[in-house]
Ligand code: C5P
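Take a look at this single chain, the form predicted on its own, given in structure tokens.
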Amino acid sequence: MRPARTAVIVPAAGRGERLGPGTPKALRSLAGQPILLHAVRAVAAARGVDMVVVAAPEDAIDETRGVLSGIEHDAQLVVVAGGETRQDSVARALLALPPDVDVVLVHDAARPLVPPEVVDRVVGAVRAGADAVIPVLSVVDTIKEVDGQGDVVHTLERGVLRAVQTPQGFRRDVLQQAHAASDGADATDDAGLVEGQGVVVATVPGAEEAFKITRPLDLVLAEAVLARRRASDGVG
């Protein structure tokens, strides 16, 4: 019997309008290469990952395959057509997984700088028995709840709040059941769907470098992080 495997789903079909119109966000350039290339390279470099499934825009399947063709990695790489929403894209990618995959991670293409050790922490926690795992960071800003007029209603206790990152990891059957039961429910992440089924979601430490690129300023920050990495590696 073949050993069970771990797959990472990367939904990358979104347009990313906050970065401006034009090319899909995942194919925008970061340090001369598409954001998606950085993201897939990062998760494929993790020791615990055997397969990466990218859900690409339907009109950019060939382009996406071309972008990813130059990655040097041991993980199996598959590109499928994504859907209208992130949730649709994840559901389509789940259908592309072979039977021997029992742990599934879902990673935002817009988090291209996630350290491989964060990916391995998530995989390890699921392998150790967790049904669902998310990487998190402590919240450093004060968070206030406001009403429809923008007036403060309540100040939240910062000590119990966490900012959630990806990849989020799941037992395959848990994630599949959550998507099947979602019935079109709008969730901002897959952990939200799983929570809705009463599943306990565990946490592991995330990383500041795993921030999400949504605005032009985020691209500037990502460029700076990559420049620091190249300097520390003695490259260029």
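Numbers follow the displayed sequence, beginning with 1. Everything numeric here is computed off the predicted structure, so don't read it as measured data.
Here the subject shifts to the form predicted together with cytidine-5'-monophosphate, a form of this protein not shown in this document.
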property	result
The unique member of 76, 155, 85, 138 whose heavy atoms fall within 4.5 Å of cytidine-5'-monophosphate in the predicted bound form	85
Residue (of 123, 132, 110, 114) lying close to cytidine-5'-monophosphate in the predicted bound form, criterion heavy atoms within 4.5 Å	110
Listed range touching cytidine-5'-monophosphate, judged in the predicted bound form by heavy atoms within 4.5 Å, from 102 to 110, 138 to 146, 68 to 76, 124 to 132	102 to 110
Close approach of residue 228 to cytidine-5'-monophosphate in the predicted bound form, 4.5 Å, heavy atom	no
4.5 Å heavy atom contact, residue 89 and cytidine-5'-monophosphate in the predicted bound form	yes
